[in-house]
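Before any questions on how it binds or moves, here is one chain, the form predicted on its own, in structure tokens.
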Amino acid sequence: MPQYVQDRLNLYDAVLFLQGLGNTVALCLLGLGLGTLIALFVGLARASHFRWLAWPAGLYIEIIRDSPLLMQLYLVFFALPLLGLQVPIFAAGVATLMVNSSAFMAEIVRAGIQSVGKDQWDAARGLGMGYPQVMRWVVMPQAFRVMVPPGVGLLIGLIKDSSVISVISYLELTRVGQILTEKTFLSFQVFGIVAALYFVLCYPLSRLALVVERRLKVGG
């Protein structure tokens, strides 16, 4: 690192980068984890043959997927207080990523479920299994193989999209870059480090997705 950068970026700044990195990871893991729980129910409803379940689930998915993440963040952080619900910054970020990821993950769940052949459903039913048993022992283990690679891809996208949370001043990676740029005026160096940290988070996940996909194909 050039000497003039060392003079402007000190140990405190390095700690701030690490704090932003940790906050970004926490946002994304909680957002995707909670979003996946919602997605399981929405995806099951979307794949259902019952129209009264599939139609609302499809509407939810389309509304979330076809609206900007930034607008969803504004609705959570600025609109809910108008209804008397005060939302902390971290909770607003997690809730936004949770809702956003749930819609995309629900489609992954639906695709996984529908990838299981009808003959396997019929065979399981012929053995006297009920719907919960068919899902638990026959459908979901096979659907999981289809869901893992795009699920990892969704997490990678969520890490990059989490930079939007910086607009409400939560101290994630992009917000740390903004703060240090205002402090040091070293925009290229600061955001170069920010970009490198995003790469450190995303690249291993992208490699993991490829490895898992290959192993699932070999195992299949």
Partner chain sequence: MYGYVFQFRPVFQELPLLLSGALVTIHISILTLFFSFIVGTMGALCRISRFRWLNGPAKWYVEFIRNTPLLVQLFFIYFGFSQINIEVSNYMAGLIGLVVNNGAYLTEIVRAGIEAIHKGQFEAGISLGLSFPQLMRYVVFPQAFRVIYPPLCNQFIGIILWSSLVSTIAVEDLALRGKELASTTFRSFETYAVVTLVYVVMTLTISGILKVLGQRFFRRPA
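Residue numbers count along the first chain shown, from 1. Just so it is clear, the model here is predicted, and its values are computed rather than measured.
Absent from the display: the form predicted together with its partner chain. The rest refers to it.
Chemist: Test of understanding: in the predicted bound form, would Thr36 fall inside 4.5 Å of its partner chain by heavy atoms?
Modeler: No, Thr36 is distant from the partner.
Chemist: Taking any heavy atom pair closer than or equal to 4.5 Å as contact, tell me whether Ser206 reaches its partner chain in the predicted bound form.
Modeler: Yes, contact at 4.5 Å.
Chemist: At the 4.5 Å heavy atom threshold, is Tyr74 in contact with its partner chain in the predicted bound form?
Modeler: Because a heavy atom of Tyr74 falls inside 4.5 Å of its partner chain in the predicted bound form, the answer is yes.
Chemist: Could you tell me if Ser187 has a non-hydrogen atom within 4.5 Å of its partner chain in the predicted bound form?
Modeler: The answer is yes: Ser187 has a heavy atom within 4.5 Å of its partner chain.
Chemist: Find the only residue in Val164, Leu30, Val152, Ala54 having a heavy atom within 4.5 Å of its partner chain in the predicted bound form.
Modeler: Comparing distances to its partner chain in the predicted bound form, the residue within 4.5 Å is Val164.
Chemist: Out of 45-82, which residues reach within 4.5 Å of its partner chain in the predicted bound form, heavy atoms considered?
Modeler: The stretch 45-82, when checked against its partner chain in the predicted bound form, contributes Glu62, Ile63, Arg65, Asp66, Ser67, Pro68, Leu69, Leu70, Met71, Tyr74, Leu75, Phe78, Ala79, Leu82 at the 4.5 Å heavy-atom cut-off.
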